[in-house]
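Just one chain follows, in the form predicted on its own, and it is written as structure tokens.
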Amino acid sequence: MTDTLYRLVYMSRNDITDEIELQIGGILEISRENNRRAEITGALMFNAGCFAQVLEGPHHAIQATFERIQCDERHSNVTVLLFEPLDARVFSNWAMAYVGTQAAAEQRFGHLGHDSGFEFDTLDGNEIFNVLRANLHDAEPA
């Protein structure tokens, strides 16, 4: 019997000010490895001040991953925006897609933070999910 798949969308404030590229790169590297092992897929959106993330996977794996996120000192005001069972993954090829400020992502997705109105108080879980899904569907997996 397989565990039911779930989708979690959350936002959090962050205090990353020094060496943003290095810190985000480290987060992505560790997250991608951990997610592969836990059978989690998803996408992360970052701007100065906020993270927004979609995680898809088995309930127990999502729960354990989200516990780590909540305990991570780089996150504050962690807010669950959406948590629901799903029939199929949307980010099935992505251990952790990224939309943010790193050079490669900036070229393709740099406009998203601004164009989507990516502000902590204005987007809901479905909006974040739809922005990431719409802009990552034909990009190379990571």
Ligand SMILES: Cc1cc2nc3c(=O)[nH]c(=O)nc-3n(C[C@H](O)[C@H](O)[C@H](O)COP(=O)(O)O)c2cc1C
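Residue indices: 1-based, along the sequence shown. From a predicted model like this one, the values you see are computed outputs, not experimental measurements.
Unshown form predicted together with the ligand; subsequent notes refer to it.
A.B. asks: Only one of Ile27, Leu81, Val90, Ile62 gets a heavy atom within 4.5 Å of the ligand in the predicted bound form. Which one?
C.D. replies: Among Ile27, Leu81, Val90, Ile62, a heavy atom within 4.5 Å of the ligand in the predicted bound form occurs only for Ile27.
A.B. asks: If you check in the predicted bound form, is Asn47 within 4.5 Å of the ligand, heavy atoms only?
C.D. replies: Answer no; every heavy atom of Asn47 is more than 4.5 Å from the ligand in the predicted bound form.
A.B. asks: With the cut-off set at 4.5 Å between non-hydrogen atoms, does Tyr10 touch the ligand in the predicted bound form?
C.D. replies: Contact check for Tyr10: yes, within 4.5 Å of the ligand in the predicted bound form.
A.B. asks: Is there a heavy atom of Met96 no more than 4.5 Å from a heavy atom of the ligand in the predicted bound form?
C.D. replies: Although the ligand is absent here, Met96 would touch it in the predicted bound form, with heavy atoms inside 4.5 Å.
A.B. asks: Are there residues in 49-70 with a heavy atom within 4.5 Å of the ligand in the predicted bound form, and which are they, in order?
C.D. replies: The stretch 49-70, when checked against the ligand in the predicted bound form, contributes Phe51, Gln53, Leu55, Thr65, Arg68, Ile69 at the 4.5 Å heavy-atom cut-off.
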